[in-house]
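Just one chain follows, in the form predicted on its own, and it is written as structure tokens.
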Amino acid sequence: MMMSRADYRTGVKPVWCRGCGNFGLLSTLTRKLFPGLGIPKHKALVVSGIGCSSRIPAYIDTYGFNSIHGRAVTIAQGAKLARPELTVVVIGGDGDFFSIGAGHLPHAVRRNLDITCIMVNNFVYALTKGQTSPTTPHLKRGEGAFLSRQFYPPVDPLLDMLSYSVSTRASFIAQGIATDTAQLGWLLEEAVRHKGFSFVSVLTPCVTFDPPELFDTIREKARYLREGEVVELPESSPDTPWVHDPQNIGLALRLAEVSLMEEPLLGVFFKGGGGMTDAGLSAG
């Protein structure tokens, strides 16, 4: 039975800052993804860790579990193994997944269980008041007019989560942006339909701790990947543009290596073979 859009929202009021990108993700999940797929509330589970985006399970009227920092992926895997019939979505921030939780991701990839991992990347530890995260942009002095030493002290280079996901051979890899809920809804639907481990990066603003120029620049420079169309590369790229083929993992790695600060790419980077089926999980 197709559920109405309103059926997927609880009465709990979100406590995010006004303008936070998490509102876009929440709307996409409750107004597009779950209604579009027609997933009954009792057959969906949303697992999260700790952080601003990890409050989402309280706002979605499905099964939900707000777990501990960095461990949401492991808990989601356990839930899928115990209840293969559930549609399992795991949500966390860039610090949650790629700092304390980074060690769990390659093992989730190699097991290739049928879960969808959504990393909400706001480039900062927002819940703990603005510390740098593994994805905080780092540029040399003088590079990029929208970064400053005040907001982003030059400590460590950023960790490229897309290259990491391709190199560990996740079977579905995509990137969307919280301000384009139509495209994000399509990406998440593709990710959930994919039978295997799906990783989706969602670029989102932190209106409190990020300089506004950061996300404005990302949104202005963003380019969309479309299968069968020529990929638009930044002027600094030494590569010759090629036709986008999401089944080619070699090309996916080249896409992932395109600098986010130069040209954020949105779309499906890679879509490979499926993982363990529900029947296989049950038999195991």
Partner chain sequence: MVALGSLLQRLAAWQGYFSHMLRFYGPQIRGGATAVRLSLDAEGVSLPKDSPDILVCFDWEKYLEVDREVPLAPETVVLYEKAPPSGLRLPKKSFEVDFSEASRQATGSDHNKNVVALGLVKRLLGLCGDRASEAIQTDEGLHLLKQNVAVLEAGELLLAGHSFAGLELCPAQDRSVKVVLHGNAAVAQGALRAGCRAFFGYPITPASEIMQEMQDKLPRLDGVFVQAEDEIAVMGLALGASIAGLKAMTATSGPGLDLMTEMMGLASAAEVPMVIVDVQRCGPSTGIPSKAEQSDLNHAIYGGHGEAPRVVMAPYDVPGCYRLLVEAINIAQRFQTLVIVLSDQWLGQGFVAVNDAFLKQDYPLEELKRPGGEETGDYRRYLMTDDFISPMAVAGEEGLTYQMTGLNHNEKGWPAFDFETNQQMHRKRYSKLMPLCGRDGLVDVFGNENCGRGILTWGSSAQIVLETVRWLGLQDEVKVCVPQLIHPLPERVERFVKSTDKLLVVEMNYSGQFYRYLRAQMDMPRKTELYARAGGRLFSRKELSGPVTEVAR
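Everything numeric in this text was worked out from a predicted model, so none of it was measured. Numbering follows the first chain given and starts at 1.
There is another form of the same protein, the form predicted together with its partner chain; it is not shown, and what comes next is about it.
Within 4.5 Å of its partner chain in the predicted bound form, a heavy atom is found for none of 179, 182 and 223. The stretch in contact with its partner chain in the predicted bound form, judged by heavy atoms within 4.5 Å, is 82-90, chosen from 115-123, 185-193, 171-179, 82-90. Contact check for residue 78: a non-hydrogen atom falls within 4.5 Å of its partner chain in the predicted bound form.
Put simply, residue 64 is close to its partner chain in the predicted bound form: some heavy atom of it is within 4.5 Å. At the 4.5 Å threshold, heavy atoms of residue 41 reach its partner chain in the predicted bound form. Its partner chain is not drawn, but in the predicted bound form it has no heavy atom within 4.5 Å of residue 244.
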